[in-house]
Every structure is written in C-alpha cells, then in structure tokens.
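Below you will find one chain, with nothing else, as structure tokens; this is the form predicted on its own, and questions on how it binds or moves follow later.
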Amino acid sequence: MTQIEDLSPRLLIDLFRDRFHPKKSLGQHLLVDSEVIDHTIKLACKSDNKPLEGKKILEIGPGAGSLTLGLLKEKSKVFAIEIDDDAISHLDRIFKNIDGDFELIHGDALSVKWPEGIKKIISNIPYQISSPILSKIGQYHSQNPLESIILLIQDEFASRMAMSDGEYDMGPLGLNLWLDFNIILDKKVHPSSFIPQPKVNSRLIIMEPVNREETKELDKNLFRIITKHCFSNRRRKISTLLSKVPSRLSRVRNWHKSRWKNKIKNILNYNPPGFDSGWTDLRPDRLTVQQWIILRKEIGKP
C-alpha cells in the first residue's frame, strides 16, 4: 500500500510524465514547488484560524496531484474534479489505496455538480477557465457558504480581481467579486515553480467571503449586467454607455427596454448622492466601487 509519507510533489510529477505529457490545450502546468504548496496550505489554515483536518476541500484540476498530496497530508477530505483522462488514470493509480479521504470526480468543473458541504476551495486553476470558474464559485457560495477560497492564478488576472492598480484594473471582474468577497493578493509565484513553465508569473490569492452593508437588498444580477455593459467599451463616456440598453436586461425580472430608457433619462439629468457635476462625462473606470453601488441603486429605484 502506498503511504503518503513516501510521496513528494517531484515524485508525483515524474510518475505522471513517465506515462503522459501535460496538455497545452488544458493549460496543464504542474505545480512542483514544495514551498509554494506548503505556503498554500498555511494560507488555507490561516484564513479562518482553523486546521484543515476533517474539512471538505474542493480542488479543481489536480493534474499530477502535488497540491492534492499536501491537502491529504493535512487529513482533509479532498474532492478533486479533473477533466483529463490521463490525469484521472494517474491520480486513481496513486491515491486510491492511500489511507485518507479522497474522492475523484471525472468531468468538467464548469458543468459537473459540485459536492455539497464544501468548506474551502483550494486550487491551481488553469488560466483559460479562470473567469468562468470564479462565476461558478460565486454561484456555489450563494447556496453553500464557503469559509475561504485559495487560488493560484495568473498574476495579471489576480490584479484585476483585486482591482489593485487603480483604474487600469477597475472592471466588471473585480467589481462583481467585491460584492461577496475580499480579495487578498499574496505570494507571487515564478514560472520555474511549474512543469512545464508558463510564460507569465502566477499569484496566490485569498478570497474571503464578506457580508457588506452596502449590498444588502441589492439586485446583484442587475449590477453585474450594468457593469459588464458599461465596461464593454471603457473608453466611452458613462452617458453614452448608459443611454444604450444592456443586451441581457430582459433576463432581470420586471426590466425591459422602456423602463431602462426612462430611468437613465432621469438619472443623467441630475447628480446622484456621491457624484460631482460632470460625472456623466467620465469613463467607467473613473468611478469608484461605492459610486457603482450608488448608481445601481439609483437605477433600481421605483
């Protein structure tokens, strides 16, 4: 019987590469750096001051299983979703006889049903599915509250999530995450921590669930539609962008083209609380998070 103590990230990846090749089409960059893995585990424990033992953890795209190994060593109950047949074969061979809690789910993380009762999501996310995975995390969290999420993602994408570089990173991604999470940027990870090496730096981030007073009774779906609509052409003025009806507005209950036009006509003719004169000439990335919340509430007033 294989023992966890006999395994290491390097050995796991060597065993994987003896039989298979990482697939570029799936964005497979296998995490080999033990220091990064150990730091990820520490972040997960520190995020709510609780150990991982016995916790239900979801891992998306475990690949060769280097992060999976770290989680199992902490005696977590790991649910791993993997789409790649080769990785499934490898993970089943390595972990099926290990003492501990491990369930391997074969499928696309964007379409399969996620297990109930998950407390944390800890993953090295393939770059090309980062945005839809975040949407799925948000949907899951709304029905099954999470304690924390620790992700290893592309550095530039992480900055946009946290809106850490002012107006350059301001956009619908960060604005909509802000509704439900605090985004904390942590350790930057060099390409040499992966096999094969990606062409860009990665970043560990923490997503801490938060209940904001400003978002109580806020129609978050309409907020997302408005921000996505306005940032579809961030070089235009707010007045120009709002004058056009969002393409998916009809998906929001009680909203239609005529109601939108009447609302926007009134709003563009005065300064809502927190807005200075001339705000309609600003580009969307010049509005603050608080102003976006105010604007959404003004639009939604009876």
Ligand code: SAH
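Each residue number is its position in the shown sequence, starting from 1. In this text, all values refer to a predicted model and were calculated from it rather than measured experimentally.
The same protein also has a form predicted in complex with the named molecule, omitted here; what follows describes it.
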Answer range among 223 to 231, 123 to 131, 169 to 177, 208 to 216 for contact with the named molecule, defined in the predicted bound form as heavy atoms within 4.5 Å
123 to 131
Classify I183 as contacting or not contacting the named molecule in the predicted bound form by the rule of any non-hydrogen atom within 4.5 angstroms, answering yes or no.
no
Is L30 close enough to touch the named molecule in the predicted bound form, meaning at least one heavy atom pair within 4.5 Å?
yes
When the contact criterion is heavy atoms within 4.5 Å, does P198 count as touching the named molecule in the predicted bound form?
no
Would I83 sit within 4.5 Å of the named molecule in the predicted bound form, counting heavy atoms only?
yes
Each of G61, L67 and A109 within 4.5 Å of the named molecule in the predicted bound form, by any heavy atom, yes or no?
yes
Which residues in 5 to 26 have a heavy atom within 4.5 Å of the named molecule in the predicted bound form?
L26
